[in-house]
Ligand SMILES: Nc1ncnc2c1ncn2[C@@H]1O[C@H](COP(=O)(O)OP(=O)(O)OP(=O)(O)O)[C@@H](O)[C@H]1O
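The chain below stands alone and is given in structure tokens; this is the form predicted alone.
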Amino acid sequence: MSRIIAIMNQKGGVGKTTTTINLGHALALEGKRVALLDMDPQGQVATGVGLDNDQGLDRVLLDDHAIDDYIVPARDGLDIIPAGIQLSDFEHISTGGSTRGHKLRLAVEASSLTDYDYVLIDCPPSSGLLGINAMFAAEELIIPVSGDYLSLQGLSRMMQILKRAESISGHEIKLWLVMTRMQMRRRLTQEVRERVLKYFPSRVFSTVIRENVTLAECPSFGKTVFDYKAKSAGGEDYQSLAHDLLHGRTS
């Protein structure tokens, strides 16, 4: 069975999409078969790997198309399902009752994604219908947390959303945290990390994703960090993070 992991944070600018793309490619480079689902209407997963974002999950969720019709090869071992330009319309769907929250889960279960090793879902920075669908479809949740106090507030909000999703769906979602965009020389960064480690023992991945100009540059070229500059600090960090996920390595 594939490991289906939602990558989510209510706070923007924490490296959510960067983590989805580069962790996914790192896992593929480790020989895993990986799919990236873009549940963020901004559609940055496709553009971040140099592909079009014309159609994808919008047609799956709005018109009940099959996910397999929109699987796009991105790299060896790495496929994506784009968001599609109309994905934001799904947030305004008012029909279907409680089944609206399970459309993604049912679509994944009916697709070939069950044969993949990892399915990573890039979530929108909101707790609307798209985010709920992602959490109901996932067995695991990765929350990126950057090194500032506003990120701690975002993390608190995420924990409330997680508890609510578990209560409604009736299944436990395994929680992981990853420290991102960390400027290790700053005292504030160290304080934030220490606080996260204190409140989430054995849930914080060992690897710290350092603030790195390469990670900021590569999406504009439609490349992952491994395409653009694998030997950079960003490449080293995401390779290490993949090992954390593969082996359950935490601080």
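We number the residues from 1 along the sequence you see. Remember, it's a predicted structure, so these values are computed and weren't measured experimentally.
From this point on, the text means the form predicted together with the named molecule, which you will not see here.
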query = Should Leu215 be classed as touching the named molecule in the predicted complex when contacts are defined as heavy atoms within 4.5 Å?
reply = yes
inquiry  = My question is simply whether Thr47 lines the interface with the named molecule in the predicted complex - judged by any non-hydrogen atom within 4.5 Å.
reply    = no
task = Using a 4.5 Å heavy atom cut-off, state whether Val14 contacts the named molecule in the predicted complex.
result = yes
task = Give a yes or no for Arg181: in the predicted complex, does one of its heavy atoms lie within 4.5 Å of a heavy atom belonging to the named molecule?
result = yes
message = Between Leu36, Leu57, Ile209, Leu27, only one gets a heavy atom within 4.5 angstroms of the named molecule in the predicted complex; which residue is that?
response = Ile209
key: Partner-proximal stretch of 190 to 198, 216 to 224, 63 to 71, 47 to 55 relative to the named molecule in the predicted complex, 4.5 angstroms, heavy atom   = 216 to 224
